[in-house]
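Only one chain is shown below, in structure tokens, and it's the form predicted on its own.
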């Protein structure tokens, strides 16, 4: 394709779509030039060509431009050449299975999809099969049994983090069943899902979308799906006594965050504000819990939970720490908590025990619970907040909203791990309890009686686990990280430097 003489205008288009009677396709990263010839009275236009332009705060928008040239034959040859290039791009989806949660958030899922997303998919010539969910776990159960996954290039959920969790559980379970693997075995090496997952944010909490795209904007998410981005993500499997409980992709929280979720579930009638109310209530209650944490530290990886570097698009830490030969996993699997091995054990009284597999950033906490956590490095950051005063705990919580190091406190410790187990004190063996009584004196007898009978107003004996916004049915759990088990239609949060060399900071 030969550009016209001495172009007087230059467009650098990141994502471009050509619409013609014979073509309805998209172009990625093309450089086009043209010039209107003053001597030519007749111009032949391309049909409007759509492309993506980056805007502020990681938002993307769809824009259009019309090219003209004085030769109709040349115009058609350009269109044909563009179409040939686009036909060779295999990363973009052509067929999508879409689940819409009509009840999540402010009940705007259907409207968001029809008004903002569906027109973009139609413009990009993406065929869709839409299912509006009718009850909880509808999408999960459909993916497990009925969905014909071979017909699609990806699965998209329109809703919040709860809807995304349904898709993850259904897709991973189906993949393991098709591979004849046992999800109930905590030592099983799971098979990665081949289909990518898209998230159109329309819920009360959209932390997954914010942490992987940088904004909770449905148009931006739809454009990431259209251009065929791919971002691998780690997933944690959670077991109790060799029985599968749930998968987690963002936060596992025991203590403070578990109590907040448990209390907020009783106040769903309040809407999203219930999280603020329950958070204040649990902060004032200030419960702590006793237990034992055992963990396997990550070995042979670069980066620590207290690094200044953040997980961004093209993250070098994720690339270095990605899937390795199986010897590391095999070594970990053969160890046992009963042996010394590489396991480390911590016993104590905790206000919170959190495991962050990503930064868990959100609009209220731009840095997140673990700012240096990575999406696809095969680890999770285990954060232990020991018993402390209310004032000190408030200091820790406030650091989620500012630029201070939230781990630089003597009652907070963080470890980058590949697996961990938790045993609450009330589940420990009788011999362990007897040992505690001998070490700590007879006062522990009355303290234990008091904790086992919370009617007296003392702290309860145990909390609940908050698993990505869902309450686990058991407190004694075994958690293992599976590296890059799923892939999203995303590219990670992009650094602001991509705008520096552009004349117009809103266009590429």
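Numbering follows the first chain given and starts at 1. Here the structure is a predicted model, which is why all the values come from computation and not from measurement.
Not pictured, yet referred to below: the form predicted in complex with a small molecule.
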| item | value |
| --- | --- |
| Single option in 149, 136, 316, 309 placed near the small molecule in the predicted complex, where near means a heavy atom within 4.5 Å | 136 |
| Contact assignment for the small molecule in the predicted complex, among 166, 290, 153, 188, heavy atom within 4.5 Å | 166 |
| 4.5 Å heavy atom contact, residue 275 and the small molecule in the predicted complex | yes |
| 4.5 Å heavy atom contact, residue 268 to the small molecule in the predicted complex | yes |
| Residue 411, heavy atom within 4.5 angstroms of the small molecule in the predicted complex | no |
| Residue 119: touches the small molecule in the predicted complex, heavy atom cutoff 4.5 angstroms | no |
| Answer range among 95 to 103, 412 to 420, 376 to 384, 345 to 353 for contact with the small molecule, defined in the predicted complex as heavy atoms within 4.5 Å | 95 to 103 |
